[in-house]
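Before any questions on binding or motion, here is one chain by itself as structure tokens, the form predicted alone.
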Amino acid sequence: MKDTAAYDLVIVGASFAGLVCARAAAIRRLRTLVLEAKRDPGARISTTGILVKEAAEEVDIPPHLTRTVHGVRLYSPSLRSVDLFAPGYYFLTSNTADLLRWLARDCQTAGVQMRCSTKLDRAVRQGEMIFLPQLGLRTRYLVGADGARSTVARLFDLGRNTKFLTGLEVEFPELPMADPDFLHCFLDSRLARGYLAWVAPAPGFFQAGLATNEDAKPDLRAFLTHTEKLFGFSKVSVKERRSGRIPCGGLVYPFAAPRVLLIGDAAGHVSPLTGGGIRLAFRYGRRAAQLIADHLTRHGPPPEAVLAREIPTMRKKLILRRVMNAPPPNWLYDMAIGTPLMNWFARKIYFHRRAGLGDRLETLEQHIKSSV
């Protein structure tokens, strides 16, 4: 069988992790190809696309694709609320579909080749190369950035995601009653068991959604009805609907085999606590490309050996995930909202830049004393 092309790196999945990895690899002069099963990277989006400040600092994103939000308005089940801020901190909500398309164009400008509407179904080893029979091409290295149900993980018997949150979301062209200066986040053990619900201002539209753990079925209509008096959803037509599964079980093992590596959702690079994965996708997508280039061109160490030392284990977040999977009753949320201890904890969850351990413990002790 004659091969029609050979690459240094093939990346499966034009995800945040896959596209950042591809661009970094092309800059390092690796001949790079991205395979994407969808017709284009921005089709059938299943993520809200909210970037924490640390993610925004990883990639220079055109301003017209994002909207800056500085505060979080946190609601209890009875819809009492508290406003939370952190000096110098912000979130970027995004037009996720166009952001992915922009990242794809940036990759192609850097020299990445891209094939959309192409779903990987087979991959076999040929010496030090990996052969993709359906495409008639070989690659020196294969990266799976193909989401929570990774085909690359299945083909090479790597670790799989087994624990998920299920999310539902709708877009509205506008919500005149919504305060656009906040991410509106709702704690409710009945409507959003194991996670939360949200209303978020985005560039040119608003998003409203919720996610639940596997013990509950998400009921977005019930949430919209519950918060109708705050936002007036019934007065505005739905622009778009989406759903998706969010890995929440932490890192998968093994996440690599010789010349094969998982990144992004495929590798479980998602916070078990918050469900956020874009920051990790940007950081370790780029880092994977750096290590693969060093390995292929400079006899550097196997990328997985270095990443195993660098990627956080998320042990504390996994513990908190178990706590969230059995959340307190709603009456307790209603009692806690607005208390110093609750405000302190919420800020630590939403605003990622943290003080040192000693400062955190001292602050916690002070808040506990003031709450008694």
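Here the structure is a predicted model, which means the values were calculated and not measured. Don't overthink the numbering: it's just position in the shown sequence, from 1.
What comes next is about the form predicted together with a small molecule, which does not appear here.
- Comment: the small molecule is not present in this chain, but in the predicted bound form one of Pro218, Gly194, Pro77, Gly277 has a heavy atom within 4.5 Å of it, namely Gly277.
- Note on the partner interface in the predicted bound form: the residue among Asn213, Thr151, Thr139, Asn161 having a heavy atom within 4.5 angstroms of the small molecule is Thr151.
- Interface residue remark: Lys53 is not counted as part of the site for the small molecule in the predicted bound form, having no heavy atom within 4.5 Å.
- With a 4.5 Å cutoff on heavy atoms, Ala14 counts as touching the small molecule in the predicted bound form.
- Though the partner is left out of this view, Thr66 does not reach within 4.5 Å of the small molecule in the predicted bound form, counting heavy atoms only.
- Although the partner is absent here, Gln290 sits far enough away that none of its heavy atoms falls within 4.5 Å of the small molecule in the predicted bound form.
- In plain terms, the part of the chain that comes close to the small molecule in the predicted bound form, with a heavy atom within 4.5 Å, is 238-246 out of 252-260, 296-304, 125-133, 238-246.
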